[in-house]
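Two forms of the same protein chain are encoded below as structure tokens; each is given separately, as structure 1 and structure 2.
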Structure 1
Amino acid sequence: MDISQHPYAELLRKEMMPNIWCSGCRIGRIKNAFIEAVQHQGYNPDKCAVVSGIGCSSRIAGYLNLDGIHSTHGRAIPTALGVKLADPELMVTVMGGDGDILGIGGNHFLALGRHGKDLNIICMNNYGYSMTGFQHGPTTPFGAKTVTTSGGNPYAPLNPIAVALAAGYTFVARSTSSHPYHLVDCLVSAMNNKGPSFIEVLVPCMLFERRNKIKSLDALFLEKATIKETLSQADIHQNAFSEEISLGVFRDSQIPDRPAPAFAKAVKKKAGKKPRVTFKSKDSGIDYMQIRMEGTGGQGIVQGGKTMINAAMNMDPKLNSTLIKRYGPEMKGGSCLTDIVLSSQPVDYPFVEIPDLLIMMSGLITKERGGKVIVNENGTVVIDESTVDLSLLDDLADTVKIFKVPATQIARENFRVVVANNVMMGFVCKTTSIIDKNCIKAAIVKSAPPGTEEMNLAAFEKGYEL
């Protein structure tokens, strides 16, 4: 029979040839086995997708004439999951090395077993990171020499089969690049399994052979490996090429039926009609002013700053204003501050250096800077005496105006503690007269969570009356 073209030609990107693998590399065998499995299954190439990460084996995606993605290091599985979720009819395969899938992408490998999505994971295990000179990886044998373990690997190797079984993969198998027919059978079985499938393919790397003075891993695989129809618990751990290697299918099951989760439906509260607050804009007369509000996370420091700057813009739309917020990684309890600059001219530097008005709802930031309260010597401090140590004010200049407000206590006794910031807003509005009352109230209505507008306005009025 005349052969007009190579039997794999339809599924190869001929324009990408020759490949960049080292002469004699066995990864090409795995590529051919995958093509044979796809052809055996009669898949339409338009219904197949291959996703790979980074590494020698991950280059396979670039040589296959299938839709594919060469993703970032360790992220092949979540990328493939996105492809599968976008089009569940696709047969999606992840092809990568032990370092990419089990090392850098180890957490994604575990998660896929739990999620139970129908993806095929082909892990080419060459015992290290080959593309960058062969550093030790998660499966490097104990005592093996690599670039990063020149005296011998001191770490116990990961067992990919044991991890896949524990993670819940519905199909788990081990084969080698030296057993191409067996590998094709494993690939076909994985494609037929409607769940997360994992195949560990042992593949030699010449860099590993040279550094460890091994003549031929290919020959060792043929000598030590045994294909078994039935595998026991002991076979899981028979994966060291210096001893016996057990090949075969360790699990081939379907995704277990799980009861549908009974989620309670969230009931949205109907937002009441927002109170209407009218205001008139005017020339603020502000030339340049720095305002700082400081406290801890959860006290509404950022929210208070937003209220202040929105109120300023309500009052004088021509005013230049900036807001910078700063808080630590803690959502509650960490230091937090908001800096506001109001200026008749464009603001070049948005950070507050010495505030003209300092609103203190906590002494945490002051303590972080060594106990020094920073404020203009002719400025104003409004302090929440419910939460701040008043001794922090002892060293302030006599020219500084100091107001003490039990804002948190008022909020706790009359409303909820979360509106203490608006008690402070009301007090500041009355005592400083920087911003018109109705301009602040309109800003509170705009920023308050739906249904809490009336409470926030009442807190503001309480501070204003005080």
Structure 2
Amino acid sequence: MDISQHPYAELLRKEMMPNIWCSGCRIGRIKNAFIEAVQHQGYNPDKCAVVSGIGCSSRIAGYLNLDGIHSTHGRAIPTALGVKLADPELMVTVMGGDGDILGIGGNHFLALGRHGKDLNIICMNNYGYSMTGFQHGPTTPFGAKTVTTSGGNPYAPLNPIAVALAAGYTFVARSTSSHPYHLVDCLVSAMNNKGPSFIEVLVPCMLFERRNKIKSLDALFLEKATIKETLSQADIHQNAFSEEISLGVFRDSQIPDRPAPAFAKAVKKKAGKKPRVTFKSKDSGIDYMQIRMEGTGGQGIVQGGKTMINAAMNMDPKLNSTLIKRYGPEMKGGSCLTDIVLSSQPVDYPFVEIPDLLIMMSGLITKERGGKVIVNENGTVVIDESTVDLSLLDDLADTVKIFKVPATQIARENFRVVVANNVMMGFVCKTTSIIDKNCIKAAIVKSAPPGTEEMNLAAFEKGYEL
């Protein structure tokens, strides 16, 4: 017969024929069942995509005259998920073998259940890695002979149905290549299910038959398998050597209502109105200034630095600036510093080498450096005397201006310790007058967590009044 007269011609990629499968391989039947299902449902073939991995069964994607990707080994599911996310209107089907989907791609198989996206996974289980000569795979029956288990497979097989059910697939079914009508029914139901669907299709491989002296798995499936209307826990188990094989639908449920992650409306925090602080911008006259705020993780060192740089930008929007934070792997309790460079010119080197203004909220960094406080000899040090060992300042040049404030103590007594950085900021504002008061207050309002603006402003005022 001329291939163009074949009833499936419209969905077959004729130029790819003949296929690469062994004569007697039954994978082709699964391909035909898929075509039947697509035609039966009247799907627009232009809107059907197939994605496969690597292996004998993964070659199906290439024989179908649909948009298709023959991806890397084990990665068909995430590749298909990407296609679906880019164009949610497509019907996307994954074709693969047991080794591909359950072995190397096992993590993706699990994750899709959780992601809950509408993909159809057709897993052709032939009990091993056929394309490479039949090594044992995740579903190889206990005791079965393969090229890498010549004495019989010593490993317990994985049960795909049990895993799919546990992983949260909304449609789970088992069929075989020997039951084409049943298979088409399963495929149609999987396509109609709106969540992730999983069909395990048992399929004979000549290599498995030969090595295990089975005359015909095809005949064996017909003999042992029963199609059941309702299935129980006991029906989940099967393998090529078992007495009975149950076929049918283990689950066909709706995907539970849950908002798709990307389209979920951002939850608006119920916060009171932000206090308004007006400020005037002006030319700051700053040519080049290095500011460092250092302390211990959890003291609001990064937050304080952000307030500082935002305040500087409020004051002089033309100013160039950089902010860099340094901390170890631990977010709390380790040393932490924020470097800010303000400049009338573009900032190149973004680290503070010698601070003009050093704000110390703990002595941790200095101690890590061997006790040396680094600051410009005409610069300013503002320290939190409730947390810093004052003897660290003993060796500083006389020209350095030193200001002390018990910021943490004030914050603890009047507010909460977390606002110590703003007590500090108030004090810095007053003593150094580098940045205008209202510019800092506006910056505090901007970076304070919603609902805490008033407390942070009060802490600032407290520091300012000292």
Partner chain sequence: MTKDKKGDNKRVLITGNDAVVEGLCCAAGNKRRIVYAGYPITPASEIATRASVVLAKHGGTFIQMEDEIASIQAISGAGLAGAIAVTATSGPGMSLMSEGLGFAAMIESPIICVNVQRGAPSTGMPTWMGQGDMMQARWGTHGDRPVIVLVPNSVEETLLLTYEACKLSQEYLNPVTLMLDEIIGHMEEPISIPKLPPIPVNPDSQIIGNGHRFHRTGLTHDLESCLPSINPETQEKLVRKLLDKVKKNADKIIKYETYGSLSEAKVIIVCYGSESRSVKAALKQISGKKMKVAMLRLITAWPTPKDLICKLDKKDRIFLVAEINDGQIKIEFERYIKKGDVEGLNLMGGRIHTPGEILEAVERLI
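Remember, it's a predicted structure, so these values are computed and weren't measured experimentally. We call the rigid core whatever largest set of C-alpha positions still superposes within 1.5 Å between the two forms. Counting starts at 1 and follows the sequence of structure 1.
Item to complete: Specify the structure that is the form predicted in complex with the partner chain; exactly one of the two qualifies.
Response: The chain shown second - structure 2 - is the form that fits the description.
Worksheet item: After the core is overlaid between structure 1 and structure 2, has the C-alpha of Glu209 moved by 2 angstroms or more?
Response: Superposed on the core, Glu209 moves its C-alpha less than 2 Å between structure 1 and structure 2.
Discussion item. Using a rigid core superposition, assess whether Lys280 undergoes a CA shift of 2 Å or more between structure 1 and structure 2.
Written reply: The answer is yes, as the C-alpha of Lys280 shifts between structure 1 and structure 2 by 2 Å or more after core alignment.
Discussion item. My question is whether Asp395 is one of the residues whose C-alpha shifts by 2 Å or more between structure 1 and structure 2, given a fit on the rigid core.
Written reply: It does, since the Asp395 C-alpha is displaced 2 Å or more between structure 1 and structure 2 after the core fit.
Practice prompt. Any chance you could measure the C-alpha shift of Asn239 between structure 1 and structure 2 with the core superposed, in Å?
Written response: Shift of Asn239 at C-alpha, rigid core superposed: 4.3 Å.
Item to complete: Any chance you could measure the C-alpha shift of Asp316 between structure 1 and structure 2 with the core superposed, in Å?
Response: Displacement of the alpha carbon, after core fit: 28.6 Å.
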